[in-house]
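Next comes just one chain, in structure tokens: the form predicted alone.
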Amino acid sequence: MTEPILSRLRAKAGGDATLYAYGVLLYLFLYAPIVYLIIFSFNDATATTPPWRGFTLQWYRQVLQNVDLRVAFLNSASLGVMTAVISVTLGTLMAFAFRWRFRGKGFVFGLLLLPMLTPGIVLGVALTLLWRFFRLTPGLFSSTLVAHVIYTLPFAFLIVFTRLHRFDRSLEEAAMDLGADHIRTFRHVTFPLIRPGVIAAVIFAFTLSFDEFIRTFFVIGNENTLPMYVWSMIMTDSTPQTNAIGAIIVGLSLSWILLGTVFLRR
């Protein structure tokens, strides 16, 4: 009786050990490059690779004093905010439209999600050709903004759509039965219920826009965003400044996500 039990215990222990090892390897695969980047952003050497020469903050000082880098960062932040506002506004309106039945609803739904499946290089080339056809000058808040909105809109739509179709619509009906009109019902019932989804969509759309490179590369024109600037640094003269920039971006991204999480919990 004891031998089968011991065999099962050994098998369970072996399975747990294998699962634990798999988890460790998976997290190493995901986060080791980020940890490496952060560690060597403090390395007192002109190379971005080992060996370790000592601790320094000079690369962070150079980053903060870099005027072109600050302009690129502000461009990315401004573009991300505008993209998030437009994408979430349009996505929310579209999500509301899908609460009613209409002809071709399934086709339109698939059409809205098509940019998620379209390779970035295809969209970038298509927008470049379109801008040339109309003889328009590409720029940060023209062609690049359009590209980012097209890219982020399906994600914003899906997030709000999922939240909007999860709560009981009888709550809205009860509010209107008690005398509230459509606007008051939206303000006091519908929007508080979908607000977590809207906030999540804003965070996600901003993050996608802030980090976007491929589509931006084709339609940016003569201006710069932070990913474009970092790419140009790596291609021309790679220094530990790129590690410092990466570490700062990681910190800002984590802070942004943490802030959104705290706000959603409240």
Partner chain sequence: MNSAGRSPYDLEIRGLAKTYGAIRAVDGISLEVERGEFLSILGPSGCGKTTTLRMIAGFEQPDAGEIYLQGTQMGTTPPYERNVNTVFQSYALFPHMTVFDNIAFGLRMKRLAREQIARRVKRMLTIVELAGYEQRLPHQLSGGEQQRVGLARALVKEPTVLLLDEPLGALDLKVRKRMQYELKRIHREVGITFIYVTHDQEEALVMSDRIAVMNQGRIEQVDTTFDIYERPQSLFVADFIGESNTFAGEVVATGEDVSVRCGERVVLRGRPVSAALPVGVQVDVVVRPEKIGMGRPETSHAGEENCLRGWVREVVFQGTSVKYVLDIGAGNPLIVHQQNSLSYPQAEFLKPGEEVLALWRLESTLVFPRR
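Residue numbers count along the first chain shown, from 1. In this text the structure is predicted, and so the values were computed from the model without any measurement.
Below, we refer to the form predicted in complex with its partner chain, which is not included among the displayed structures.
With its partner chain omitted here, the record of contacts in the predicted bound form names 165-173 of 129-137, 165-173, 103-111, 86-94, defined by a heavy atom within 4.5 Å. Not one of 44, 50 and 61 is positioned with any heavy atom within 4.5 Å of its partner chain in the predicted bound form. For the chain shown alone, residue 192 is a contact residue for its partner chain in the predicted bound form, at least one non-hydrogen atom being within 4.5 angstroms.
Using a 4.5 Å cutoff between non-hydrogen atoms, residue 178 counts as a contact of its partner chain in the predicted bound form. When contacts are judged by a 4.5 Å heavy atom cut-off, residue 182 counts as touching its partner chain in the predicted bound form.
The closest heavy atom approach of residue 99 to its partner chain in the predicted bound form falls outside 4.5 Å.
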